[in-house]
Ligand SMILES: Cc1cc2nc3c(=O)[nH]c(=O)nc-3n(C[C@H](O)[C@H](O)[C@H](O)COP(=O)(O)OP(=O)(O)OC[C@H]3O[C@@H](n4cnc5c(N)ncnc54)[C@H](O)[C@@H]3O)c2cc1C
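In C-alpha cells, one chain follows: the form predicted on its own.
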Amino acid sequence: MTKKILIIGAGIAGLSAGVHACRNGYDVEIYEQHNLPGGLCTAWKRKGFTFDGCIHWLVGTKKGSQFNRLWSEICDMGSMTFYDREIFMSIEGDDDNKINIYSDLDRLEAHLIEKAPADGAAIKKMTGAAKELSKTEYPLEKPEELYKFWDMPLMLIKMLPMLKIMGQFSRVSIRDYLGEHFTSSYLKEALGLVMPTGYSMVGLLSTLASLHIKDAGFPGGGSLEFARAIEKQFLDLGGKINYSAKVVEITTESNRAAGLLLEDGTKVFGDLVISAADLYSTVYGLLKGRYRSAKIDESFAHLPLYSSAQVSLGLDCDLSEEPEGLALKLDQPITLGNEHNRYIYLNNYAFDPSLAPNGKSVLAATLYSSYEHWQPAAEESEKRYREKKESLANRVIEIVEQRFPAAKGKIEVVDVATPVTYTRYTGVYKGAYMSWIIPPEAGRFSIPKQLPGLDNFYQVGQWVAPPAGLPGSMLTGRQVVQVICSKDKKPFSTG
C-alpha cells in the first residue's frame, strides 16, 4: 500500500521533499498557508514592477556544477535564463573611494592589491583559498543519518583538497579573520560588506568561489518564478498542493505524527508528516512544545539572528548603466532597532528586463533591522506601522535620488517589507530568513530532522542546517526522502 506523506509548507524545502517523495512512489500532499509557492523565496508585483524578496545570487546556476545537478533533480534548470554579474558589488565609501568585488578572482586580487598593496600577501591567500574551493565538491550525495562506518574514510579522501582550507578558515568569523590578517581599514570594511561578518570565513570564500566559476547567478524572472518551476515539477509528478490551507496543529497518536488540523477545522491524516515550516512555529506552536529538545530550546534562547528591511522602488528611468550591486556609505547611519547601518545595500535589477516595463527599472534597498524595531508599531495600529515604514522609505528615497540623479522625481512605486512582513506572510521566527548565525567556533551545527519521542515526523529547511540558504534548504528536502526510503528498504531514485 502506498504511504501518504503530508508536508507543511510549499517553500523550497517543502517542494524539494515533495518532488523527491513523488518520484520515489509516495502519495504526497502539501499544505501551504499562502496562496502561492516559494515561502521566503518570493517576489511580488506592483503596477507592472516585480519586486524580488529573496535571491541575490543562487548557488548552482552553472550547468554541470554540483548544486546545478541537485537543482536539476527538482526543476528544469536548462530552460532558465541566469544572469551573472561581472562586478558582484561596488562599494562606495568616503572621498570617492571605491572598491569593486569582481566575480573573477584574478581580477579581484589585482584590484584589491592595487587598493591596498601592504595587504598583498593576505589578499593572495584569500583569493587562492577561494580558487581551491571553486575546484572542489562537498560530499552531499547522502545525508549523515545514512553514513556507514566505511563512509567516513571515503568522505575524508574526497575532501582532502579542502581539508587544509577548512582547517584554516572554518572556525574563525569573517570579522575576526579580516581584523587579524588585513591592515587596510577600508579594505577590511569593504570585504566585510559581502555578507554578515558573524559568519564563518568559509562562507565568504565559498561565495567568492561560486562567483568565480559563474555558479552564482540570478534566475530570470526572479525568486517566485524559480519557485514556480519546482512547483511545476511537483505537480507534473502527481503531487497535490493545498493553498490557503493553514495548519494549526500536528495531530499525534501514541507519540506518532498522525495528521494535520487545519485552521478551518479540517482534519487530514497520513502515514508521515514533514514540516518545512518555521522550526519555532512547528515545535512550540504546531506541536505545543511537547517534543522539543534542549538543543532547540538553547538555540532559540541564545543564538543570534539577523533580518532586514527592504525598500523597493519602481523607477521611470533606465539604470542599466549603473552598478548592479552597490554598498553605499551613509553620511549618517540609519538605526533600526539594535542594527546601526553605516552602509545601505542597493540592488539594481535593470539587467533583467522581465522585472520592469520597458525603459524602467527596479531598485531595492536593504538595511539590517531587528524584528523588535517594527513589532510594537505593527501591534499598536496599522497607521503607526505605516508611518514607520513611510519614514524609512522617505530616507531611502532621499539617498537614492542623491546617488542616482536620473531617478529624481521618477519614482512611480514604493514598497516596504520589514521583518514583521516576513513573519506575517511565512511565519518565520522574528523575520530571520537565514535562521541563526552560528558562531564559527561552534564547528558543525545542525538540528536533527526528527524530534525526540515523536515517530513518523521530520523537520526540514534552513533551521536544521544553518546557514542553509536556498541550496541547503533544498538539500534537506532531498535528504529526508533518502532517510524515508532507507527505512522503507527501497532504493532512492532521482530520475
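In case it trips you up, residue 1 is the first one in the sequence shown, and so on. Remember, predicted model here, so these are calculated numbers, not experimental data.
What comes next is about the form predicted in complex with the named molecule, which does not appear here.
A.B. asks: Check whether I8 has any heavy atom within 4.5 Å of a heavy atom of the named molecule in the predicted complex, and answer yes or no.
C.D. replies: I8: yes, in contact with the named molecule in the predicted complex.
A.B. asks: Answer yes if any heavy atom of T207 is within 4.5 Å of a heavy atom of the named molecule in the predicted complex; otherwise answer no.
C.D. replies: No, T207 sits far enough from the named molecule in the predicted complex that none of its heavy atoms falls within 4.5 Å.
A.B. asks: Would I55 count as a contact of the named molecule in the predicted complex, using a 4.5 angstroms cut-off between non-hydrogen atoms?
C.D. replies: Taking the distances in the predicted complex, the answer for I55 is yes, it comes within 4.5 Å of the named molecule.
A.B. asks: Is Q479 close to the named molecule in the predicted complex, meaning a heavy atom pair under 4.5 Å apart or at it?
C.D. replies: Answer no; every heavy atom of Q479 is more than 4.5 Å from the named molecule in the predicted complex.
A.B. asks: Please pick, from M89, V247, A227, V420, the one residue with any non-hydrogen atom lying within 4.5 angstroms of the named molecule in the predicted complex.
C.D. replies: The residue from M89, V247, A227, V420 that makes the contact is V247.
A.B. asks: If the cut-off is 4.5 angstroms on heavy atoms, which of these, L454, I438, M434, I447, is the one near the named molecule in the predicted complex?
C.D. replies: By the 4.5 Å criterion, the partner-contacting residue is M434.
A.B. asks: Counting only heavy atoms and a 4.5 Å cutoff, which of 401 to 409, 312 to 320, 181 to 189, 421 to 429 contacts the named molecule in the predicted complex?
C.D. replies: Flagged stretch: 421 to 429.
A.B. asks: Does anything in 190 to 208 come within 4.5 Å of the named molecule in the predicted complex by heavy atoms, and if so which residues, in order?
C.D. replies: Sequence-ordered list is empty.
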